[in-house]
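Below sits a lone chain in structure tokens, taken as the form predicted on its own.
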Amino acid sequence: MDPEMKNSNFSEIITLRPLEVSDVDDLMVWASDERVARFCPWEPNTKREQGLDFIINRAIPHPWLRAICLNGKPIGSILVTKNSGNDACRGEIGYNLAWEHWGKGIATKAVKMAVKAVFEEWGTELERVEGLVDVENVGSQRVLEKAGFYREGLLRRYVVFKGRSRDMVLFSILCSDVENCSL
């Protein structure tokens, strides 16, 4: 059963579920927004075909990518990518949310739901979920902190992102940090 949570600021219900091809028009609301794409590895999608391509070739095949839904309507997406080999005990979280829903606690709730779900689904295979956040993305840093992640440090000039070498802040959460999580 998909995780579900009532947003304390609204009467709406927040759920996570797989993205579907029929979600393309909702996806385009946030995927075409420059404010949302600013700290994402992709540029704003300008064509519906780009959204369809993302859903069909990236979202559906991804082991853990979900739509963040408000009353059943997708308003963002969240994913956890599990590492492999010697790093198999770790996964990395990423998320985006339509601009009009920023600052309402929705992303924080979605992150909490996703972390709990992947720890439950992947069991002892996953011990740690990490989030790498651009040093200028203060809003996303707050999301992870409010979701119970620990700020571990600054990774200077860690990644080339949209043509610039960027500093990133590393956050993590362990199963033992999550209520009712047992490994």
Partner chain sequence: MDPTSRITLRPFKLTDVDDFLKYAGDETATRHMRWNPITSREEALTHLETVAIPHPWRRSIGLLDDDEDRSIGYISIFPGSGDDRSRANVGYILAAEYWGQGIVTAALRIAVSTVFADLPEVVRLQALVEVEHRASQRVLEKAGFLREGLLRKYGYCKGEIRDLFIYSLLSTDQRRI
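Values in this document were obtained by computation on a predicted structure and should not be read as measured data. Residue numbers count along the first chain shown, from 1.
FYI, the form predicted together with its partner chain isn't displayed, but the following is about it.
Enquirer: Quick check on this chain: which one of Lys47, Arg142, Arg35, Arg157 has a heavy atom within 4.5 Å of its partner chain in the model of the complex?
Expert: Only one listed residue qualifies here, and that residue is Arg157.
Enquirer: State the residue from Glu43, Glu152, Glu136, Asp53 whose non-hydrogen atoms include one within 4.5 Å of its partner chain in the model of the complex.
Expert: So the residue touching its partner chain in the model of the complex, by this definition, is Glu152.
Enquirer: Assess the spot marked by Pro18, Leu65 and Lys112: is its partner chain within 4.5 Å of a heavy atom from every one of these residues in the model of the complex?
Expert: No: none of Pro18, Leu65 and Lys112 comes within 4.5 Å of its partner chain in the model of the complex.
Enquirer: Heavy atom to heavy atom, is Lys116 within 4.5 Å of its partner chain in the model of the complex?
Expert: No - in the model of the complex, heavy atoms of Lys116 and its partner chain never come within 4.5 Å of each other.
Enquirer: My question is simply whether Ile173 lines the interface with its partner chain in the model of the complex - judged by any non-hydrogen atom within 4.5 Å.
Expert: Yes, Ile173 lies within 4.5 Å of its partner chain in the model of the complex.
Enquirer: So, Glu130 and its partner chain: in the model of the complex, are they within 4.5 Å at any heavy atom pair?
Expert: Output for Glu130 is yes: heavy atoms within 4.5 Å of its partner chain.
Enquirer: Even though its partner chain is not shown here, does Lys104 get within 4.5 Å of it in the model of the complex, heavy atoms only?
Expert: Because no heavy atom of Lys104 falls inside 4.5 Å of its partner chain in the model of the complex, the answer is no.
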